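Just the one chain here, laid out as structure tokens, in the form predicted alone.
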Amino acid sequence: MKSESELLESARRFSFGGRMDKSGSGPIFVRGSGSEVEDINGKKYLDFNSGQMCAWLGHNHPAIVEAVADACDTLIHAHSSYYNDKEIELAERLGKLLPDPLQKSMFLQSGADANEAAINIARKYTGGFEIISPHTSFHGMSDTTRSLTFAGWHRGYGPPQPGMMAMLAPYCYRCPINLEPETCELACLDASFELIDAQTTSRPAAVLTEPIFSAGGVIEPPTGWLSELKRRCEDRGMLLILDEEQTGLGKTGATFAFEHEDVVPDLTTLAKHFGGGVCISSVTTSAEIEERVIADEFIVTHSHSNDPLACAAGTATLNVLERDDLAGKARQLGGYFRSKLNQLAERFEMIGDIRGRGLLQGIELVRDRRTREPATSEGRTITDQCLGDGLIVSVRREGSVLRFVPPASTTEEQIDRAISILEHALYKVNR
């Protein structure tokens, strides 16, 4: 095997850059198991971002390995115009897992694919055009979804697609209209829909939102925001699309994050850890919506839509989710992790806010708790220090938010080790 320096030189010559977190300098990972990955030099890291959030079950989970091996022995790829047995099995499992009336699913590759398909379904069903999303949203990096990814990564690509609009996110720590969450009565929704009603040039089709804004900074809406959003969509004949790609399947302590608010969307999308590390996404809606859009000649497909290998991995993920009660594990481990983060906040004034649910947690770093000035450069330094000490975390909001997504395979001892590494990094920056 080539050395790290040889591989990095080869990467500089042949591998395309443009990575989200602008690494490009190593480490180079070669294997993983559970909550750890190992680089080419044999150094092990606690992966508290679960890869790209896609290995939340744990790296190389045995159930996923077995499902993929079985598909390799039977049928890897199938013509997407025809059914295959793995696709039907997964659609049935997912339809029975989701609340009524969500029961009709299609399977694609990426989260952006799924969100684009959901947008097109909403447009076909309502006859409307405009799509609205909160200003801290992340929905993908295709042309359509980048136009609704207001958390960043959208400048310099030319004008966004027409019909895409931002609304105010319920970012209570940094309220965009300077109100207090205890007394605001969801004024951000009032302001948003006044603007939406004033700007729409046709019938608006849908609001696309995350139940928790993960890439936007682990921002959790206040209680009641999601249900009120659903009501306002219904009043206008709009659909509510919930992007559960970073929050679904147990990660927040419920099978789906929208269950925390007892809200059922018109469409929901899954991706990320849905395949346990294998690329698959889904769109699920009601039979009534599916029937109407199919009658209007709706078609979305790609060369690898509904592939049996990917669908087998998806079914294996749902098996593990239910068999091992991953939602309960996220609540238990997430509570333990949160308690440790709270202890750090007592020691370090730089930690201005802690938020999230289950095993999706974030801390917002500030230079002053009173003014809440974002500690952007400090956050990037802390992230680099953690990586050097063997802890992978994700940095968001230009460095001021550290996001943690430890796999469900994580132990309390590994959380203690991660906290120790984070504490050391905070200490060095605060020295």
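Here the structure is a predicted model, which means the values were calculated and not measured. Residue indices: 1-based, along the sequence shown.
There is also a form predicted together with a small molecule; it is not shown, and the following applies to it.
> Just checking whether residue 87 would be counted as a contact of the small molecule in the model of the complex - the rule being heavy atoms within 4.5 angstroms.
Because no heavy atom of residue 87 falls inside 4.5 Å of the small molecule in the model of the complex, the answer is no.
> Would residue 273 show up as a contact with the small molecule in the model of the complex if we use heavy atoms at 4.5 Å?
Although the small molecule is absent here, residue 273 would stay clear of it in the model of the complex, with no heavy atoms inside 4.5 Å.
> How about residue 140 - does it come within 4.5 Å of the small molecule in the model of the complex, if we only consider non-hydrogen atoms?
Residue 140: contacts the small molecule in the model of the complex.
> Contact between residue 317 and the small molecule in the model of the complex at 4.5 Å, heavy atoms?
Outside the cut-off, so no.
> Which of these stretches, 320-328, 171-179, 199-207, 131-139, has heavy atoms within 4.5 Å of the small molecule in the model of the complex?
Among the candidates, contact is made by 131-139.
> Assess the spot marked by 47, 406 and 410: is the small molecule within 4.5 Å of a heavy atom from every one of these residues in the model of the complex?
Zero of three within 4.5 Å in the model of the complex.
> Go through 167, 333, 112, 289 and name the one with a heavy atom inside 4.5 Å of the small molecule in the model of the complex.
The residue in contact is 112.
> Though the small molecule is not shown, can you say which of 246, 252, 284, 192 has a heavy atom within 4.5 Å of it in the model of the complex?
Contact residue from the list: 246.
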